[in-house]
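There is one chain below, alone, in structure tokens, taken in the form predicted alone.
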């Protein structure tokens, strides 16, 4: 079985900008947060969980069909936030400003893979880049320090990028952390290119 998800890759220059603007925050928060490595920052559209290797081909075909219906679009990257709230941060994220096409595409992917037997997401889609996860066991002092650090940090405009493909990734858990490998890439706009 493969642990898999569907996502948008983030260009290296955007990842480097995120790293530069969050470096001081990462130092301040110490070991209270597990920071996502640069290589693993991506925009998740659908987490599939465990899939059989034999289902990769069908998923790839379905993904290409959906991708072909959408022209490439731009996403702007800026701001810092956390889920579920600044008072109780569990996930630290970078905000995205995207056109309606992103939400439409994500919804189409969601319903398409649901027809293939995968669970539907019960929460509304909220585009963001996860950059850190707060550890379960942190002291009250660490929690207060983390909250203060998050509230004082302002993230400026980090640039924008063009979304031209959607990827099916597998995730391998290794001692150094998760390693993501693209199993398939579906290009956006192939329908438009044929007209």
Ligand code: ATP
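Because the structure is predicted, anything quoted here is derived from the model rather than measured. Numbering follows the first chain given and starts at 1.
The protein also exists as the form predicted together with adenosine-5'-triphosphate; that form is not presented, and the subsequent description refers to it.
- Contact with adenosine-5'-triphosphate in the predicted complex, defined as a heavy atom within 4.5 Å, holds for exactly one of 68, 62, 44, 55, namely 44.
- For the marked spot (31, 35 and 148), a heavy atom within 4.5 Å of adenosine-5'-triphosphate in the predicted complex is absent from each of the three residues.
- When contacts are judged by a 4.5 Å heavy atom cut-off, residue 184 does not count as touching adenosine-5'-triphosphate in the predicted complex.
- Taking non-hydrogen atoms only, residue 24 never approaches adenosine-5'-triphosphate to within 4.5 angstroms in the predicted complex.
- Taking non-hydrogen atoms only, residue 121 approaches adenosine-5'-triphosphate to within 4.5 angstroms in the predicted complex.
- For residue 135, no non-hydrogen atom is located within 4.5 Å of adenosine-5'-triphosphate in the predicted complex, even though that partner is not displayed.
- Along 3-37, these residues reach a heavy atom to within 4.5 Å of adenosine-5'-triphosphate in the predicted complex: 3, 5, 34.
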